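One chain comes next, on its own, written as structure tokens: the form predicted alone.
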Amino acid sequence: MSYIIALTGGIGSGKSTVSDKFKSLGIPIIDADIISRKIIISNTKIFNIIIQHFGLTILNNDGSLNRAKLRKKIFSEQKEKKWLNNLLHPLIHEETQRQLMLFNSPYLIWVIPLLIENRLDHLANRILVIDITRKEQISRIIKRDKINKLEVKNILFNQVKRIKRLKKADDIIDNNNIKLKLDNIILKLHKKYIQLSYEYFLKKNIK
């Protein structure tokens, strides 16, 4: 079992960029979004339940799931988001726990966008928040996902407020500046997390 760093942040904040840099340092990454996608793709029963619920309109021409259309549905209707979360969350949690037991690295990065929303922060030893302003967030999402401002606001409405996320943070990366020297920041955090994990497991062994 490794020391768990939960990496979270709002949509468009740069979580994937940051997690990729930790990965380049040899740190294991467990990503809740990737787990979710694999469950939907690999679990025929779950896939069919989703299609039966939302209809064939959320499929691409090749029969695969159109994630953009599904996202639009669940973020425009709160009850639909809750339904999908109730379906997927237990399976995501089960697979996450399985993966957590696989690694024996000093620490690992658990990428989980809805850490605060789903009240899972108690499962991490430390929380790293990737932070950007709402204005920057909206601009990035529109550019990246080619969606309109209303759709972006629907997504943000369903995520925890920035101030609440920051209050939960042990560490914060301010990712507003595109010229930010992320490599240097992450290398410092890497050394810090190695030391913290050493101290954590030393205390556990003493007890």
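For clarity, every value in this text was computed on a predicted model and none was experimentally measured. One-based numbering along the sequence shown.
Beyond the structure shown, there is the form predicted in complex with a small molecule, which is absent from this document and is the topic of what follows.
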Considering non-hydrogen atoms and a 4.5 Å limit, which listed residue (N177, N43, N60, N148) is close to the small molecule in the model of the complex?
N177
Counting only non-hydrogen atoms, choose the one of 161-169, 62-70, 136-144, 45-53 that falls within 4.5 Å of the small molecule in the model of the complex.
136-144
Indicate whether I194 is a 4.5 Å heavy atom neighbour of the small molecule in the model of the complex.
no
If you check in the model of the complex, is I11 within 4.5 Å of the small molecule, heavy atoms only?
yes
Does any heavy atom of T17 come within 4.5 Å of a heavy atom of the small molecule in the model of the complex?
yes
